[in-house]
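The data below hold one chain only, encoded as structure tokens and taken in the form predicted on its own.
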């Protein structure tokens, strides 16, 4: 396939010391493949990410930053030494295969359940508003009603900000190339950003300036800690998404404002879920990647949700985005980069139950790779 300087196969610099081999990003996807009843990464996960190491960048599944952050059965964490040691096996294997990998920092906030926190019986959020519809999954994996969270106190907010910085430091110790702050999909950071979940009357609620304060403090704390420079810190946002009971009438103003505020830090990227394939709240005009690109002052934008190869190529050539992120296609196509480069068909989509209900290698590490195509034929 001829080299296209603006296409998916083009190289891309995150910073002077981190060059991606292509512009294809493997998106973060919770797969709940830790050994049952644990939050410790295992050999299955190392194999899974290594199979997909040809991606220009891998962003791991959401990884819980503290005891308080936990809320998804058999999902991994990054706050104890045993987490660091286990993740080292993953990063070493990915790096040996030539890959680059960021860890996504995750706090579930009101999407957790009290069964994950037996010592307190509490879940926390920006305010005391529960997720308005749907069900949570408790520590046994059963569907249960969402619970009302307790608002974080000012002291607890400061502690939580430091939890993010500590998790970033442990991510560095574990060998990751950078970190992504999960500010999307109705998890804790998003709960502070949006009026549908934040009715605080202190300096963390009300105005857009106040609602973005929590995210800004996290970014500044990670940078000040020094484990990663700003150029290795990304942020994920979902301005249009309804997941987790989210959606607010001022999101078309809020999220460009958030991008503008973040633009001064020299971050690695903003990862924008602007597509309509993950549920759209419809309470205001859609916020596009181009909107965010302009507000982010031309900084690196990753597009995500519902992309196809052709749509991604078009967005890259238009200049609206710099990197294209694929989630579900990566579940069943570990060699997605190769298939795109050679115009090969994709494997059928993985069934829904493979997303996070199944255990072991089935539906996780057992998808076939494409047969090698002769380079002359491909060109």
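Owing to the predicted nature of the structure, the values given are computational and were not obtained by experimental measurement. Positions refer to the first chain, counted from 1.
Just so you know, the form predicted together with a small molecule exists too; it's not on screen, but the next bit is about it.
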| query | Taking the partner as it appears in the model of the complex, which of 30-38, 340-348, 50-58, 314-322 has residues with heavy atoms within 4.5 Å of the small molecule? | reply | 30-38
| task | Indicate whether the small molecule has at least one heavy atom within 4.5 Å of a heavy atom of residue 306 in the model of the complex. | result | yes
| said: Since only the chain is shown here, I'm wondering whether residue 278 would be in contact with the small molecule in the model of the complex (any heavy atom pair within 4.5 Å). | reply: yes
| field | Contact of residue 367 with the small molecule in the model of the complex (heavy atom, 4.5 Å) | value | no
| query | Could you tell me if residue 236 has a non-hydrogen atom within 4.5 Å of the small molecule in the model of the complex? | reply | yes
| task | Using heavy atoms and a 4.5 Å cut-off, decide whether 182, 273 and 331 all contact the small molecule in the model of the complex. | result | yes
| query | Within 4.5 Å of the small molecule in the model of the complex, heavy atoms considered, which of 197, 111, 104, 160? | reply | 104
